[in-house]
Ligand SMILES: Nc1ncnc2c1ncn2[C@@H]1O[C@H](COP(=O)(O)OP(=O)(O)OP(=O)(O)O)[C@@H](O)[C@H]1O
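Next comes just one chain, in structure tokens: the form predicted alone.
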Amino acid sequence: MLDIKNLNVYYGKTHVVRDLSLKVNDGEIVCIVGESGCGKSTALKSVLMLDKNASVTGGSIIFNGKDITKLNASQIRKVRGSKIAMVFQNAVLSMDPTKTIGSLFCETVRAHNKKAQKADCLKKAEDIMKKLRLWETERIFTSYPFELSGGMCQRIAIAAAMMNTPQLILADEPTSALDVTAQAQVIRLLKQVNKNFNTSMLIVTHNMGVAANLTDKTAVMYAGRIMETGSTDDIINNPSHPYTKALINAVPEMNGKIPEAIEGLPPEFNDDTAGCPFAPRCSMSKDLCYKKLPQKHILSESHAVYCNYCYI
């Protein structure tokens, strides 16, 4: 369904996303995981050309056989919210505080069908919400965003994204602004959307727990580059790249074990290095790592790593 090939994105002269390649198949949930500031959100927003300050300078984004990077402004507007929907990091801030939740659902439909009637929109919204086990629809429709919890607004944003029955949902850190209980509710809701509507998803997060509990495939990103890709089971239980291992070791455990911090800092995006961007923080790095950019090495049918040494 979605095939991103060698995507390069700049902010002015700053190279943020570097040669990113990623596929999302029908009915699949794929995740990009990595530290804050590694370029995940920029890559995600580039799928719908949502960031006016970002420029796609190379590569392609093929959605259902068409290259999104070649579409004009009018054509891309027809895709946004219709074929590909977006769920933002903070749902409350993405909603109009002067309008009710019912208006949000209606506007989502009318953006692509101006003749849609309010009663029909609310009936469809109610059906979707009940399928996703969101009750008290009448109260919710008459409420304003600030009258609801952050977790409820996030779940409503997911339900609203389904109003035009998109084939793909893009979710930018959908759980990061929530407490643990609300995070679990949002993860459960995303699973229900995937199961009930067979909707594909591309999600970005810095939370390895979200990746482990929600996704089918995971891509590990660092300094704008993909370090490792594979089934989520491969990434969590059989990590290969030192950065992937470091991310997993940094996750707190229930037994009280103190997580291991990753020493050092990520590189600045305007620092162009010839070798692996993780080399200065890597315990396995050698001279070659500073000189040669790692190539893709296939570990199995579903698992690949970009490293000069760890695959040996």
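For every residue, the number given is its place in the sequence shown, counted from 1. In this text, all values refer to a predicted model and were calculated from it rather than measured experimentally.
Missing here is the form predicted in complex with the ligand; even so, the following discussion is about that form.
- In short, of 40-48, 282-290, 258-266, 241-249 it is 40-48 that has heavy atoms within 4.5 Å of the ligand in the model of the complex.
- In summary, among the residues Glu126, Glu173, Asp216, Asp234, the only one with a non-hydrogen atom within 4.5 Å of the ligand in the model of the complex is Glu173.
- Three-residue candidate spot Tyr11, Ser36 and Asn53; every residue lies within 4.5 angstroms of the ligand in the model of the complex by at least one non-hydrogen atom.
- At a distance threshold of 4.5 angstroms between non-hydrogen atoms, His206 is in contact with the ligand in the model of the complex.
- Contact annotation for Val16: at least one heavy atom lies within 4.5 Å of the ligand in the model of the complex.
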